[in-house]
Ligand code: UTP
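Only one chain is given next, in structure tokens, and it is the form predicted alone.
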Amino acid sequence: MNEKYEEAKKIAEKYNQEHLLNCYEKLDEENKEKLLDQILNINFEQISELYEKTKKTSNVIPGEGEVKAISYIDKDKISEDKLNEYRKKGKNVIKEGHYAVVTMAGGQGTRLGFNGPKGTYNLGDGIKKTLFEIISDTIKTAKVENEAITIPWYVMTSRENNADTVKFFKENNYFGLPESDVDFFIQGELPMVGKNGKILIDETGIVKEAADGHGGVFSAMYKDGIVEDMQKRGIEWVFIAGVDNILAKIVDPIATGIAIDKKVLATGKSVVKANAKEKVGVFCKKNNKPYVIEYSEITDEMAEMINGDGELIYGESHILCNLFNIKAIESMCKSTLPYHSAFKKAKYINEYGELVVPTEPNAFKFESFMFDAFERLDDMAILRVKREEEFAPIKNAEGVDSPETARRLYLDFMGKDYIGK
């Protein structure tokens, strides 16, 4: 055996993960090399700590400190004069080429019954465009409206879908955008761990890894040179959103103008919770810093609290549409966000080389959340927008947040004369 193998074996044994090399001899040369590289690059101390945390019951709201409501600006109630003031400030930024868009598109369309990168999913029925094409249309329209020469677009992919995503863009001539204005970077991953603390092996014989959550966008941008590219381009403001919200206003002069006017380094968009029990994270203040309470963390009492106007005190839903100043991104790249665990169903190869297909959750995946970075900010502006104008996510094949509901919202917003042109 070569030195690399011996080193990987020594590390695996040290952390009681010797099983990782059980299928080594059965692998082809490419996967042998890949497996050894994985083992040599895994932070086993970190994975061990994350696994131990899964055994502990988390507090309702992690950490110590006072939690209170956060102030927000209701876009619908801003005067026309103030809107124009915000719009002018933001438009100047966009026009001068200091604005960029980041789309988080590391997922596959599995939940939609679609085989391929989620961004390549075609909405059909009246729209007949893929998610990527819809986003490109938004950017092209914004360039015209804001008289911008360029609005760089950075797409975060995953190890699993990067090649297919890049190929799709090339085959579609970057949807009419300059190739030099479109760049790709790959989301980080962490090993999945079984209930016994053992790292799982996937069907191909290498370590089974899962994306490290949307909070990983910052470290991925830094690692792949995206932040450096933004700095060279003179980018000052960056809008980050997921690929699956087809109404996301990703080039937003008003949100930008508000951040500039309020002298803050971020603007987060919110929509009012549909009801107290809706399973969404909500904006708040914790220790006088911006924070998001996940629906699994908030108490029923807090969720149902109302103010004098009869509105939910904790009712500003975080919709993963956030604008950051480049200074905030630079700062977030330098610090590590906490990881949360999720208990999922995961196929794996057991110690006997047999494929196990579970019928119920059997493994932990670890991911960081973008909103955990908000605490690093002194403050941020919250802009309340209307669901029907800016929030049409596609998460499920049917029912709530499905292609059908998103299509209806999109077509209603675009107007009755829209026929997928």
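Predicted model, so just to flag it, every value in this text is computed and none were measured. Start at 1 with the first residue shown and count on from there.
Beyond the structure shown, there is the form predicted in complex with the ligand, which is absent from this document and is the topic of what follows.
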* To do: Report the stretch among 228 to 236, 256 to 264, 146 to 154, 109 to 117 that approaches the ligand in the model of the complex to within 4.5 Å, counting heavy atoms only.
  => 109 to 117
* Leu320 within 4.5 Å of the ligand in the model of the complex, heavy atoms -> yes
* Asked: So in the model of the complex, does Glu367 come within 4.5 Å of the ligand, heavy atom to heavy atom?
  -> yes
* Answer for Gly242 alone: is it within 4.5 Å of the ligand in the model of the complex, judged on heavy atom distances? => yes
* Does Ile186 reach the ligand in the model of the complex if we count a contact as any heavy atom within 4.5 Å? -> no
* Using a 4.5 Å cut on heavy atoms, which of Gly213, Pro290, Gly268, Gly315 is close to the ligand in the model of the complex? -> Gly213
* Scan Met221, Leu247, Ile201, Met104 and let me know which has any heavy atom within 4.5 Å of the ligand in the model of the complex. => Met104
